[in-house]
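Just the one chain here, the form predicted alone, laid out as structure tokens.
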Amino acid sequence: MNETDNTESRIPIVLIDDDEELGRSLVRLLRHEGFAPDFFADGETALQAIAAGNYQVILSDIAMPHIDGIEMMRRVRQYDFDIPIILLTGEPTIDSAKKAIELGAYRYLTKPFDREELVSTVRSAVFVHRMAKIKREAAELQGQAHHGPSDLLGLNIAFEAALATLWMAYQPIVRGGDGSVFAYEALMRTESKTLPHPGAMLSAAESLGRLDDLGRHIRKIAPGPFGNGNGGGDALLFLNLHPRDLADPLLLETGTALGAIADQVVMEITERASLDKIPGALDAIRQLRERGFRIAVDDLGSGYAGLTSFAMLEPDVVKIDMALVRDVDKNTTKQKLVHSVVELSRDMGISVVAEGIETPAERDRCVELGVDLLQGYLIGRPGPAFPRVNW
């Protein structure tokens, strides 16, 4: 490609460097190779152009006055998770290279540049950007959620945005005898399009090392509707604990909204949890009990590993996994398993919840098998405090 080719076919990119002489040299090189570079000598002006433009790649010097390359990345990732960012530096260090890659730089190139390496890196970045766009369009066409941010910097920004819009939906748990409300389970929801469901939020928190932040926020807002006239009455609050929450030093802090209603709260811990790998887990559970909290084992029947956790927890409530509840009215093996859980739990003074009730036949069979409590879409879908019960 040469300078006489149609400029409309060129690939728009941004070049940011406070060394204007180097910038002009790179502009000539990139134009010769078929790109349409817009050059900026300061980050602020470049950011305005990026926000308004349709660029496919950003090349930015790391060390610039006012807004350096890392800050520029942070700002861009607030609204664009896909555009590849290539960071440039004349003073490479191991720490700066490591930080650049960890925070999501597509590549980290040192000055003076090898011409072929620079051009091939930009071309590769263009390919990655176009592929990301295709994946997002395909996801939209199939009615799926957008793919999330691909780098830690973008992921952290998305996590912060999702955390700011996080709210709790409440799903009723009713007594099998008469359908009266026994409790509501608080379930995490967000308005985020990049982290749109609880699994995505938990995965992001784990990747970022921010499970404590997520758990603390949930424990802060979940008790809000209880005891303030929103219709909860004397209902209990079931609240999921991530196993890692048991190692959070703030789990047991005094003076919290959750602690104020401890005698109404049932902490759920999944049967899948490996509590022996969590430092101080048993001591944390002991202290929770001493403060009035009750303990539930969630997902009972989802795997064998949880039997150890079950014995360690000595729960007040067990929740039968929905995989055992599904079609229990038609499957005699599942009926025997549910009946065995009910009998064993009754002998130990443990209440039993059947999760995932979706049909009247499942509901009725669980009641016949002696299940104390029922939860599922048939009974009530999760919603703002507090959804109506169907019985």
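Only a predicted model underlies this, so the values are computations on that prediction, with no experimental measurement involved. Throughout, we count residues from 1 along the sequence that is shown.
The form predicted in complex with guanosine-5'-monophosphate (G) is left out here; the points below concern that form.
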- Wondering, does P37 line up within 4.5 Å of guanosine-5'-monophosphate (G) in the predicted bound form on heavy atoms? no
- Item | Contact test in the predicted bound form: G356 vs guanosine-5'-monophosphate (G), heavy atoms, 4.5 Å | yes
- Would R189 count as touching guanosine-5'-monophosphate (G) in the predicted bound form under a 4.5 Å heavy atom rule? yes
- Although guanosine-5'-monophosphate (G) is absent from this view, report whether T121 comes within 4.5 Å of it in the predicted bound form, heavy atoms only. no
- Note on the structure: Answer key: of Q171, Q264, T89, T194, within 4.5 Å of guanosine-5'-monophosphate (G) in the predicted bound form (heavy atoms) is Q171
- Stretch in contact, per heavy atom within 4.5 angstroms of guanosine-5'-monophosphate (G) in the predicted bound form, of 319-327, 65-73, 37-45, 22-30: 319-327
- Task: Would you give me the residues of 364-391 that have any heavy atom within 4.5 Å of guanosine-5'-monophosphate (G) in the predicted bound form, in order from first to last?
- Result: G376, Y377, P382
